[in-house]
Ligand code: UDP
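Below you will find one chain, with nothing else, as structure tokens; this is the form predicted on its own, and questions on how it binds or moves follow later.
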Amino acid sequence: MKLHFRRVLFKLSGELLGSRQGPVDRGALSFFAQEVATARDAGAQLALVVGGGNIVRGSALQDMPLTAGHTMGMLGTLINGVALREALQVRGIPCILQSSLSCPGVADPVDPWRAREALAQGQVVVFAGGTGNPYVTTDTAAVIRALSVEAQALLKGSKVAGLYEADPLKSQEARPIPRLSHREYLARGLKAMDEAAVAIAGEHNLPIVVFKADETGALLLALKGKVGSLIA
């Protein structure tokens, strides 16, 4: 079966990389590295934006100025980016790490032209550091990076199977929403993705697939348009 999307931005929640064993879990890293490897072997060109919620969620830090808290959160994404790069390279997957926060010797600066060139050559590109600015979520960073590398879609990996009319973790009666437009998403006030991110994606006709990413083969199925909810 052919891929529905060939070049994508995979937004990976930082929470999916942590476990009770620690904020950066070796098993989780290995799992997602294998998911990326499988998708790449199928012909996909993959860029990733990783969150930092497993390290620190800056907006939730009490008694911390938001600018400092958000900066800490962005640094958390850089830690995850370094870990993901290592996990991918262990599998022989060529990978580059670009960060919007300057960190010479650890990550290259964000460079859309270099990133597009790397994707065309079969390398995986990991983006860290969010947008480099406080008060902006990594969801928004993911949309911006997706547009900058000319991705055909943004795949938002989460812990739930897609979009629902209510929180499925709190209500077993929550009904799934298989498809809706960017405007409909915003009008309903759904919370699976940041509103600013969805608004920017809508302005540029960027499809978003929200899917459960922590199941074997889920990323490849999302690339084939077989799982998750579609915002388009």
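In this text, all values refer to a predicted model and were calculated from it rather than measured experimentally. The first residue of the shown sequence is 1; numbering continues from there.
The discussion below concerns the form predicted in complex with the ligand, not included here.
Every residue of the trio Gly58, Thr131 and Thr137 has some heavy atom no more than 4.5 Å from the ligand in the predicted complex. The ligand is not drawn, but in the predicted complex it has no heavy atom within 4.5 Å of Asp25. When contacts are judged by a 4.5 Å heavy atom cut-off, His182 does not count as touching the ligand in the predicted complex. Residue contact with the ligand in the predicted complex: Gly162 places no heavy atom within 4.5 Å of it. Using a 4.5 angstroms threshold between heavy atoms, Arg40 stays clear of the ligand in the predicted complex.
Of the listed positions (Met74, Ala83, Val149, Val110), a single one reaches within 4.5 angstroms of the ligand by any non-hydrogen atom in the predicted complex, namely Met74. The partner is not drawn, yet in the predicted complex one stretch among 49 to 57, 167 to 175, 28 to 36, 195 to 203 has residues with heavy atoms inside 4.5 Å of the ligand: 49 to 57.
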